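Here we start with a single chain on its own, the form predicted on its own, put down as structure tokens.
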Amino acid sequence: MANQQLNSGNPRVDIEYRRKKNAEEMRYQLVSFALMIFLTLIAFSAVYIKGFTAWFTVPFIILLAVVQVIFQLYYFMHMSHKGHEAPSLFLYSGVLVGAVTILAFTTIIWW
């Protein structure tokens, strides 16, 4: 919404539209924040409970961290909005290079 100016010529309609979009955006951010707090509590619980082994706990926490990163990118950093295609391309390219690098070094060390 920041990159695109909507102007219908009627100031009342424009203000109402912006209020509606801002309220919707705030609702998404609050729900995302609540889910991230919940995921953090699950991660702490997985470490606190002694019944889980490290072979379960570590990948589980990494999975929860990846989910939280996705929530932060799409809802707090507004990557889901139009006009963010170039930053998304660079971000995903960096993630791909990082994953390939980790995979390469892991296979070199383990085999």
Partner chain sequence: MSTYAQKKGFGATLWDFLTTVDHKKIAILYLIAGGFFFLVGGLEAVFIRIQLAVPNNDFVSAGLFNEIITMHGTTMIFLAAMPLVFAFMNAVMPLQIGARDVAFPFVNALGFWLFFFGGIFLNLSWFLGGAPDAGWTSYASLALHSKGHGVDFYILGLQISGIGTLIGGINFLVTIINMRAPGMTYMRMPLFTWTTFVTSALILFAFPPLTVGLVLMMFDRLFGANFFDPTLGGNTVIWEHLFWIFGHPEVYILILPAFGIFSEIFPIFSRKRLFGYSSMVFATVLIGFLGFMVWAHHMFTTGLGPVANAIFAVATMAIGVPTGIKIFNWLLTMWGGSVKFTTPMHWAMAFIPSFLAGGVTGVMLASAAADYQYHDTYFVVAHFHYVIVGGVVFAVFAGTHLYWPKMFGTMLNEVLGKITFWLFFIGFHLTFFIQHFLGLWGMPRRVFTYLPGQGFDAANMVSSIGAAFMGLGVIVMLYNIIITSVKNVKVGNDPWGDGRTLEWAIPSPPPFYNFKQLPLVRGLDAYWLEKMDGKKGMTPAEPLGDIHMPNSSFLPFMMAMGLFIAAFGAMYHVNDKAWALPVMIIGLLVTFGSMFLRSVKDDHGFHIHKEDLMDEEDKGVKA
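These figures come from a predicted structure and were not determined experimentally. Residue numbers count along the first chain shown, from 1.
Here the subject shifts to the form predicted together with its partner chain, a form of this protein not shown in this document.
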| item | value |
| --- | --- |
| Position in contact with its partner chain when the complex is considered in the predicted bound form, options A34, L41, A86, A54, heavy atoms within 4.5 Å | A86 |
| A23 within 4.5 Å of its partner chain in the predicted bound form, heavy atoms | no |
| Interface membership of I15, its partner chain in the predicted bound form, 4.5 Å heavy atom rule | no |
| Those residues of 38 to 65 which, in the predicted bound form, come within 4.5 Å of its partner chain by heavy atom | none |
